[in-house]
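The data below hold one chain only, encoded as structure tokens and taken in the form predicted alone.
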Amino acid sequence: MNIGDVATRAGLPAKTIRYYEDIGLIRPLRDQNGYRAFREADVHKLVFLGRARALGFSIDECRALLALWEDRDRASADVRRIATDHLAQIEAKIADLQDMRDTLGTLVRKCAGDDRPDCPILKSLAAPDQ
């Protein structure tokens, strides 16, 4: 299969596939003419990587998950640890975003939004860290 066919089947841009190859996540064979010759296994890896990236796993986490996926003697505890750590990161980001939303919401409600120059939003942004 060529890169266009694989990109369509995996649902990834060819540029992403080339990047994954550059960083060693996939290693397609090469034809005698030097063109990439993707196998079915490469498509499966790319679909796997696409799903993992869609869940927000980092490249390093994807590399670890891919290695575990390929290791038939893996311990599911290793997979769970990676996923649990990632879930904790997501939950922390959600908490940070909720705090940001609450703070900004309060500032927006305090701002009259009229022709006067007084603005609690700008005042808060200019205030030194507390």
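Residues carry their position along the shown sequence, with the first being 1. Keep in mind it's a predicted model, so treat the numbers as computed, not measured. Rigid core here is just the name for the largest C-alpha set that superposes within 1.5 Å across the two forms.
The following text describes the form predicted in complex with another copy of the chain, which does not appear among the structures shown.
Another copy of the chain in the predicted complex comes within 4.5 Å of no heavy atom belonging to residue 40. Within 4.5 Å of any heavy atom of another copy of the chain in the predicted complex lies no heavy atom of residue 23.
Shown alone here, residue 63 lies farther than 4.5 Å from another copy of the chain in the predicted complex, counting heavy atoms only. Although the partner is absent here, residue 59 sits far enough away that none of its heavy atoms falls within 4.5 Å of another copy of the chain in the predicted complex. Taking another copy of the chain as positioned in the predicted complex, the residues of 68-85 that bring a heavy atom within 4.5 Å of it are, in sequence order, 68, 69, 72, 74, 75, 76, 77, 79, 80, 83, 84.
Once the rigid core is used as the reference frame, the Cα position of residue 18 differs between this form and the one not shown by less than 2 Å.
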